[in-house]
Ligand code: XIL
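Take a look at this one chain, the form predicted on its own, written out in structure tokens.
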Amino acid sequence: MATRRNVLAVVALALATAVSSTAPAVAGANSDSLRSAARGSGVRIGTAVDMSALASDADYRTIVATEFDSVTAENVMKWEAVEPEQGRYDWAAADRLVDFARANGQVVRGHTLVWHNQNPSWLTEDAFTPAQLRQILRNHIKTQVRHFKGRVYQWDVVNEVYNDDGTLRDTIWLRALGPGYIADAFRWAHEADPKAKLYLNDYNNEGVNAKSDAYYALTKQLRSQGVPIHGYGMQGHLGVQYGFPGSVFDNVRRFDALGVQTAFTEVDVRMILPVDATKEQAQAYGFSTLLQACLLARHCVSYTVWGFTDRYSWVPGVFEGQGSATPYTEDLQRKPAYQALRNTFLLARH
């Protein structure tokens, strides 16, 4: 496909244009949006959505609606939000996001069904036998996926199951059920919505390394057994101070060869504060590098930023002294990173 083969040839121009741009305008117009630039590329451009901000901040809401054609629930589809008490489900916030997406011609990524974090307080290993935990997990997955059947096109089914060294993470599910819970989760989700695309998802797995090797082996093994794994998600939480992985495209390409989709699911590029022009240029390069790899790959289908504005970014609350991790400033001005993404999309189409 010419669009994807030409990306690397034009990336330097995309970055040069981004960094030299001055006084980026507040977004909101369709004609110069990321969504418009991505049209025809084969890659959807998405953002994680903070539902409190969506309800209370009109400018934020406008940008979500006009700049992106895919949305992910930042928190409101996680287990603690949708099943705060055993067997009692609260879909209200998640349903609002799905309705918003439908009204604005957007698709929805579901995040996430099985994770070691943000689980409800009632779900503790000590309270249940392994057989009970297996039934709880099955019920939760099938109930949630069935509720959104036909309205969520991708699910992060199993999230962050490996350590950086490629060993399985010690979780309530691994201890109680063994590694077979991963395959079971995919089977149960597929039974609940056979048309949804089902993903593994993790961080520090963008390049070729021990963790991505483990995911590659797992995907190959389970697909050979008929387990319905359709996609491999790379979160893309990067930091300017650490540099960027140089083997991203090689990694994406090998999953291509397995016949699964790939996606960059939670991209942000943080930096040590204060911000300066050099850091912003490096940040623009980081955002664009992942997008290049996606555009070059045959089966990379979406690229999602984990929040688009520093106004609501999770980064400062987790990484002391760091921030400015998104393509927009706190006052919703477009950064060079935004321009790099847009220009990479545009130039890849020619």
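Numbers for residues come from their place in the sequence shown, where the first is 1. Remember, predicted model here, so these are calculated numbers, not experimental data.
Another form exists, predicted in complex with the ligand; not displayed. Remarks below refer to it.
Kindly check, after superposition on the C-alphas around the site, whether the ligand taken in the model of the complex would be blocked here (3 or more of its atoms within 2.4 Å of a backbone or C-beta atom) or open?
By the 2.4 Å criterion, open.
May I ask you to check whether Y285 falls inside a 4.5 Å heavy atom distance of the ligand in the model of the complex?
Because no heavy atom of Y285 falls inside 4.5 Å of the ligand in the model of the complex, the answer is no.
Please run the contact check for Y60 against the ligand in the model of the complex: heavy atoms, 4.5 angstroms, yes or no?
Residue-level check for Y60: no, no contact with the ligand.
With the cut-off set at 4.5 Å between non-hydrogen atoms, does E74 touch the ligand in the model of the complex?
E74 belongs to the contact set for the ligand.
When the contact criterion is heavy atoms within 4.5 Å, does W115 count as touching the ligand in the model of the complex?
Although the ligand is absent here, W115 would touch it in the model of the complex, with heavy atoms inside 4.5 Å.
Does the ligand, in the model of the complex, lie within 4.5 angstroms of each residue among T47, R109 and F264, using heavy atoms as the measure?
The answer is no; none of T47, R109 and F264 reaches the ligand.
215-223, 158-166, 269-277, 176-184: which one contacts the ligand in the model of the complex at 4.5 Å, heavy atom to heavy atom?
Of the stretches listed, the one contacting the partner is 158-166.
Among K197, K211, R138, H237, which has any heavy atom within 4.5 Å of the ligand in the model of the complex?
Of the listed residues, the single hit is H237.
Which residue among R151, R254, R134, K78 has a heavy atom within 4.5 angstroms of the ligand in the model of the complex?
Looking at the other structure, the residue within range turns out to be K78.
So which bits of 300-323 sit within 4.5 Å of the ligand in the model of the complex, heavy atoms only?
Sequence-ordered list: W306, W314.
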